[in-house]
Ligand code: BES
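Before any questions on how it binds or moves, here is one chain, the form predicted on its own, in structure tokens.
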Amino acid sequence: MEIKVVSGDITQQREGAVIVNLFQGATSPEGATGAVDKALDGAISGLIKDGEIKGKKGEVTLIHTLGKMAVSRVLVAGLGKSEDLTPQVVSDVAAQCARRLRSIGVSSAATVAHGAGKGGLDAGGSAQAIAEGTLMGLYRFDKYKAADPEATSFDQITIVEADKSKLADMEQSVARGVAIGEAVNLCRDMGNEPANAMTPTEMAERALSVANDVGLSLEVLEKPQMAELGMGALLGVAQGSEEPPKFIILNYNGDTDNPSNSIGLVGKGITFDSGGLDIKSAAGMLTMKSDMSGGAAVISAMRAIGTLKPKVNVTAIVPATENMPSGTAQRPGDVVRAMNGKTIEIDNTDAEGRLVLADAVAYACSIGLGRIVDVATLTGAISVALGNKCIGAFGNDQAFTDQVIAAGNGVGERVWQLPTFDEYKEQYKSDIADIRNTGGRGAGSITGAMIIGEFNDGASWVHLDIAAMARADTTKGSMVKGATGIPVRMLINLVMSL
């Protein structure tokens, strides 16, 4: 996919199509859209008058130019209400337009920088949003399908800007958008892979590829090393599978003179979750190939971080294993000892995410990381609490938690904080160990998060429960059916803000 910025007149472009926009409630087109309308002898104005074009968000109208312009087609994209315009809206518009053009066999287009005039966005921010949205919106996972002779590709978008002084900033913004969009799509690829392909070993291979591509250091701990470090919680989950577990550590050193300027990104890497001996239903297992979405998100975020090179040190940690039933699987009632020495009674083998994260968070603290964000498809309870509209957040440092939430809201990945009152600890007390790995039905997402927090030793820590957000059932805007790539953009935005 080629995305470029040029100086020029949108009406003179010769790509396969031209994309302009309209705000909801506008009675006549202005700016670049007005120029295109004039070239088309008022075709856009006529459709507005007839009520066919309303400018509503998500509305895309195709107009054939019939020789009145160098291109044969014009798309008019609705931006919604001007006061509601955000970069996420621009990303969604870019995604919808790219998919529409691909569906009719158009392979290239020229577009204006949506919202960079009357909408109040700066041209660079609009260009970045267009790059991200186009890449994310065109995403397809079809590697296991036979080649479709009728499949078309959309492989070039040109952002046209009349003011030459803005080009340099827009080009840099496009480069950022490409890095971020590619990272999201890498995460989607990993989450969409079947579990027989995306094993813990393959996750480590993907991390190696990222490290080689952008110059990161990689260490992968094997089972004997995990045992030596005392990672009994992780190994307890892994013991039911024939696939060897991997403990993946990626490092980016962007501020070598200041080692304390660091953050740890910890991602749950359960490459398939059967539930273990407390086995899930058949329906409950259908999407459990994506139970490694937290791990995929932190690996993918590291790809963009290595490209964008912020001045901060970042360590990504992924405890990767399957959770399977077998003659060697851990049993309900077993007791395991985590890396920090704390013992855990296994109340339910399907509450395995907090076990692998217990050792991962303890490891992050042991290497001196003072800020930690863990990301996990942890609980079904989060979808009961919040639906599939936002990520659940839990933290022990309000200032840091606010930073994480702002990073998500800033890129359209919405976050809502839930409480972590000490009274909830009563729910996961054990009679024979330090804690149990579940807290019962009530407040399941809260107790799950707090169990992970038991293994944090003094760091500012935030847990993100993405269980309801890791997969989408439909395609809309820049979101494509299947693995979503959430919260890759949020993690990148957080790191860049530090």
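Because the structure is predicted, anything quoted here is derived from the model rather than measured. A residue's number is simply how far along the shown sequence it sits, counting from 1.
Another form exists, predicted together with the ligand; not displayed. Remarks below refer to it.
S.K.: The ligand isn't shown here, but in the predicted bound form, which of 343 to 351, 98 to 106, 175 to 183, 363 to 371 has heavy atoms within 4.5 Å of it?
M.R.: This holds for exactly one stretch, 343 to 351.
S.K.: Given that the partner is absent here, does A381 sit within 4.5 Å of the ligand in the predicted bound form, heavy atoms only?
M.R.: Within the cut-off, so yes.
S.K.: Closest heavy atom of A467 to the ligand in the predicted bound form, within 4.5 Å or not?
M.R.: The answer is yes: A467 has a heavy atom within 4.5 Å of the ligand.
S.K.: Would you please decide whether T377 lies within 4.5 angstroms of the ligand in the predicted bound form, comparing each non-hydrogen atom pair?
M.R.: T377: yes, in contact with the ligand in the predicted bound form.
S.K.: Does the 4.5 Å heavy atom contact test between D291 and the ligand in the predicted bound form come out positive?
M.R.: Judged by the heavy-atom cut-off of 4.5 Å, D291 is in contact with the ligand in the predicted bound form.
S.K.: Could you check which residue among K280, R331, K425, K309 gets a heavy atom within 4.5 Å of the ligand in the predicted bound form?
M.R.: Going through each option in turn, the one that passes is K280.
S.K.: Of E413, D273, E193, D359, which residue is found within 4.5 angstroms of the ligand in the predicted bound form when only non-hydrogen atoms are counted?
M.R.: It is D273 that has a heavy atom within 4.5 Å of the partner.
S.K.: For the stretch 313 to 347, return the residues whose heavy atoms include at least one within 4.5 Å of the ligand in the predicted bound form, in the order they occur.
M.R.: If the 4.5 Å heavy-atom criterion is applied to the ligand in the predicted bound form, 313 to 347 yields nothing.
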